Every structure is written in C-alpha cells, then in structure tokens.
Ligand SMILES: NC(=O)c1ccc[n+]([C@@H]2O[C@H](COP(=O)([O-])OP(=O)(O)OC[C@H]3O[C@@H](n4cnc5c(N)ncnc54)[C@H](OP(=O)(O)O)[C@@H]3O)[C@@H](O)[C@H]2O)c1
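Below you will find one chain, with nothing else, as structure tokens; this is the form predicted alone, and questions on how it binds or moves follow later.
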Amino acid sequence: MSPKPQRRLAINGFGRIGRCFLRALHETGKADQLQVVLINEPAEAESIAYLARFDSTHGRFPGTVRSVSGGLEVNGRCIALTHAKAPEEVDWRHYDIDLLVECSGRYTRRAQIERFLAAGCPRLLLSQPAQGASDVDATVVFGLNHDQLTGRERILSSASCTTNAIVPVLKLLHDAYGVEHALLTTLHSLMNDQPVLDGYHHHTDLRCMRSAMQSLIPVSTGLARGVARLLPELTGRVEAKAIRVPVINVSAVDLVASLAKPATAEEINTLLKEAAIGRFPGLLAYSDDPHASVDFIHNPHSAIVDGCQTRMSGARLANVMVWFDNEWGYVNRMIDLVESL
C-alpha cells in the first residue's frame, strides 16, 4: 500500500492545545507527513517561540524551536507566523493548506466557522465541540465513528477531551449490559478561562471569578449533550456535572451507571481490560495500579480505566473511574483523525 500524500496544515490559536498538537506531531514522528506550514496566533513571535520551547506541564520541547524572520523554526523547518484576530485577515489560500486545525476555541457556531471557509480554508477541524450538532458537518471521536466519514465534510469537530474519554467506556457498558441511566462527574484540571486570584471575569457564572488555585469549583458542562451526539441511543439517559480542581493537568470522570443486566465489578473490569487490547487499542488503557493523577501526565490514551476504583452497589448500579490527560490524550486523537481523513 502506498503511503498517503503529505498534508499541509495550519493551526489557528497556539495556546495549550495548539502547542500540544504541534509537539505531538514531532514526538510521534508524524511532522513530515502532517506538515504544519502556518500558525496564526495574535501573540508576539518571541512569546510563541518561548512557550513552545518550555512547558510547565510537558517539559521542554524535544528538539529546537526559535523565532526567525516571519516565522517559527521548529527542528530546522520554518513555519510561517501570522498574528490576525479574525479569519478574514489571513490569506489562507497563499499557504496552500489542506486543513486548518482550529485551536482557539472561539468558533463554535456555523456562521462563525464558515468565515474561515470564505477566507480560503478548504477544510477545518475544531478542537472543541460545536454549539449545536448542525453547526458542523460531523462530530467525531476517533475509534468510534471516524470510519463513517464520507470525505465530503468540510467542518469537523473532534468533540471534547472529556467526550473522547468517556464515550468508549459508555459504549462498551451499553453494548454489554445496557445503560438505563448514567451520571457523569468530571473532575477537570484548571483552565485558562479561570483567574489565578479572585477577580472580575467574563464568566456569567459567579463561581468562575474565584481563584482556580484554592478551591474545587463546580462549573457548567455540555458533556451530556456531547455524549448524545455520539451515542444517540443514550439520549435522555445521561446527565453530567463538572468540578474544576487545582491541578494543572490530568482529569477524571467518575461514571455511575444503572445497568439493564446484572454485572460484577470483576466482569466490568474484564470487559474494559479486554477492550483496551482488542476493540480500542491505543485509545483505551486499563490499570490496576494505585494511581494518582500525576501518573497520567503525557499519556496519549483517550482514557485510562482505574480498575482499583470499579465498584458495584447491588447487581445493577456500576461505578467506574476513568483518568485522562485532557491535553495530550486529546491532541493525539486529533492527529489520528487528521491522518484518517
């Protein structure tokens, strides 16, 4: 089988996800095949280069990064830099890209996203869920439904990191035992939309004005809606809540599910352990070790089932805990998806 032709990519927004995406391309040896030729980020070039080189979570970039005239040189290859704040301000056609990876998180409605298409982008992959299902041509969790794409989709979303983590587990439980109802509680690491110290903030939720470093802070989440987009058979059966916790990376989902068929904790663990090898290799992992969240920094899986934490209350109420690096696992699935297009 002949190799796929080289793809030319652009990244819009070079924050946590944009930088991790570029770094993961280099760490996985895919930077030649999936070549980033343009980064659009309003920040100054020196700041972009510095944060690409040094990362408090994932460590130093494995190679060389430096700012050069008009761009960013990464491992000897020059990537053009633009500093636009609107899609129309970049001449996307000039860079002859095949795909834009939209990592700013600012564009969630079709009318906003189509501005990139109108400005010359042939195709987009969003690193966030769209506001509504119809705002994109497809919402994709690699390993679950990427093989259903037709190739005609121009606007794609890779859902959320949490959706990528929990949907495979829910799918396995539902197929094996039938999920009648489920409650998902996400314990999510802090994010850039939270202040370090108490202060006025753009959030309408007053709790999001509180210091991210000092409290567990309940926040709103669209996870239940995201699950329903990928697993429509569970529409109306899943509810979710989220709590931000004061760690810089790695999150967890605590899943409580009412099952139609009886099960034991051992049976559920066996199901998930076998799926990590067979049905979802590279996406799902399983461990019986006594873990803390820091153990999963830079883990490329979408989800790691903590078998030590699996519980049953009676024969039909199951509790499963899933860890995930909400940055690194997510960008690795984005890369998998880009490769499959």
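Numbers follow the displayed sequence, beginning with 1. This one's a predicted model, so the numbers in the text were calculated from it and none came from an experiment.
Below: the form predicted together with the ligand, not depicted.
- Of the candidate stretches 174 to 182, 188 to 196, 138 to 146, 256 to 264, only 188 to 196 has residues with heavy atoms within 4.5 Å of the ligand in the predicted bound form.
- The ligand is not shown here, and in the predicted bound form it never comes within 4.5 Å of any heavy atom of L100.
- For R23, no non-hydrogen atom is located within 4.5 Å of the ligand in the predicted bound form, even though that partner is not displayed.
- Remark: S104 counts among the residues lining the ligand in the predicted bound form, judged by a heavy atom distance of 4.5 Å or less.
- Contact between P42 and the ligand in the predicted bound form is found at the 4.5 Å heavy atom cutoff.
- Only one of C78, A118, L216, A84 comes within 4.5 Å of the ligand in the predicted bound form through a heavy atom, and that residue is A84.
- Contacts with the ligand in the predicted bound form, taken as any heavy atom within 4.5 Å, map within 325 to 339 to N326, E327, Y330.
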